[in-house]
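Encoded as structure tokens, the following chain is the form predicted alone, with no partner shown.
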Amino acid sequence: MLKPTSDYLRQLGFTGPGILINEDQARANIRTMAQKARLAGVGFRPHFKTHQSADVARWFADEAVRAITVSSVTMAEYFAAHGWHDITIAFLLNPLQWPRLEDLARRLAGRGGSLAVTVDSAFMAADIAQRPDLPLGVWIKVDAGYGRTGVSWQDKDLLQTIVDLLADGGRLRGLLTHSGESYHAETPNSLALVWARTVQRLESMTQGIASAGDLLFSVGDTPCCRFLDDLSGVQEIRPGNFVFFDLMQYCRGICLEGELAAAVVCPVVGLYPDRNRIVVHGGAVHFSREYLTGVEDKPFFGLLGTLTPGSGSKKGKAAAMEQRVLTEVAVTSVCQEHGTIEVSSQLFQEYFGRLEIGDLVLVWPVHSCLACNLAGEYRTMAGVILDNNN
């Protein structure tokens, strides 16, 4: 059953592990989210850490996206070099990188753009205040419930201190948060509760804070932005994973099978019919060790998939390829380079009976952001190699 998919992937030029991108679907995902933001009347600053590709970034530009989010100075420099001038680094500012930040901020300002950074301490706010001539926007990172980084939504004293330190110069933009708990929500109603709670906590945090009247709210997470039509209460959204989606979203019902747009291509390096097992060149350095749990709560690190020509289409036509997730065929363990896939004897014959060493399999990753970050190569279904920052 997997042999035709292998033949197709070979035609695209894959010889080792790499990422296959469904460009048509990724463009559709981008268009849908951009339209949703416009209809909701909120700014759209997508997070580019998922794809990290100047070529994919152009698909966003085609939908009139002009402002972006990144997660590192290196990523900001990469996209600035490819023509993006309005950039927010959503990861907390690292003072060891001041020379690079200052250089990038001045270069972007010279092009009519801007660079913004994120802080959650009085220490870093004071450090920024000592650079009054630096053209730099600043967001205050807030922990509205996720529990990772940020000023606690209950700590008004610290918020007031940071606001006071950054009040001069008009560089303070607002409060920025990431509702990471939404990735564990089980229903649309629970996503709505996450959104409402986040907005309520941001609002309550600014009540009674001097000079807080003009602070904007920026929220970033794919599940809420994907599912909810009412995005009121914030001025900006920063989802990123939606461009490709992944099994984390698919298995929780956030996206549909056909909306997945990035998969890992892995060569078969070992076939073991006596153990109903195959081993692929695709391990932790290609997928990461992030996993989901399946039958009997056993972990899996990816699910295999197929690509077949759509009905009535010409064989091999990229835009007509139909994709499927094989929920019963999983990568059950990973080492650094190896991925192991074990199934029942019946499923082994059904799926792997015609495979040979050197054939290629398609694996949908648990977390596309990590898989893409680890990838050395992206190819589209038309065989086009895409530039990336990896």
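Don't overthink the numbering: it's just position in the shown sequence, from 1. All figures in this text were calculated on a predicted structure; none of them were measured in a lab.
Keep in mind the form predicted together with a further copy of the same chain is missing from the figure; the text below concerns it.
query: Heavy atom to heavy atom, is Ser71 within 4.5 Å of a further copy of the same chain in the model of the complex?
result: Yes, contact at 4.5 Å.
Any non-hydrogen atom of Gln160 within 4.5 angstroms of a further copy of the same chain in the model of the complex: Outside the cut-off, so no.
message: Just checking whether Gly353 would be counted as a contact of a further copy of the same chain in the model of the complex - the rule being heavy atoms within 4.5 angstroms.
response: It does not: once a further copy of the same chain is placed as it appears in the model of the complex, Gly353 has no heavy atom within 4.5 Å of it.
- prompt: Do Leu20 and a further copy of the same chain share at least one heavy atom pair within 4.5 Å in the model of the complex?
  reply: No, Leu20 stays farther than 4.5 Å from a further copy of the same chain in the model of the complex.
field: a further copy of the same chain in the model of the complex: contacted by all of Phe91, Arg277 and Cys369, heavy atom 4.5 Å
entry: Looking in the model of the complex, the three residues Phe91, Arg277 and Cys369 all sit within 4.5 Å of a further copy of the same chain (heavy atoms).
- request: Considering a further copy of the same chain in the model of the complex, find the one stretch among 344-352, 29-37, 358-366, 59-67 with heavy atoms no farther than 4.5 Å from it.
  value: Comparing against a further copy of the same chain in the model of the complex, the contact stretch is 358-366.
- prompt: Considering Ser121, Ser211, Ser190, Gln235, which brings a non-hydrogen atom within 4.5 Å of a further copy of the same chain in the model of the complex?
  reply: If I apply the 4.5 Å criterion carefully, the residue I get is Ser121.
Selected contact from Val269, Leu134, Val199, Ala126, since only one has a non-hydrogen atom within 4.5 angstroms of a further copy of the same chain in the model of the complex: After the contact test, the surviving option is Val269.
message: Given a 4.5 Å distance limit between heavy atoms, list every residue of 327-355 close to a further copy of the same chain in the model of the complex, or none if there are none.
response: Contacting residues: Cys335, Gln336, Glu337, His338, Thr340.
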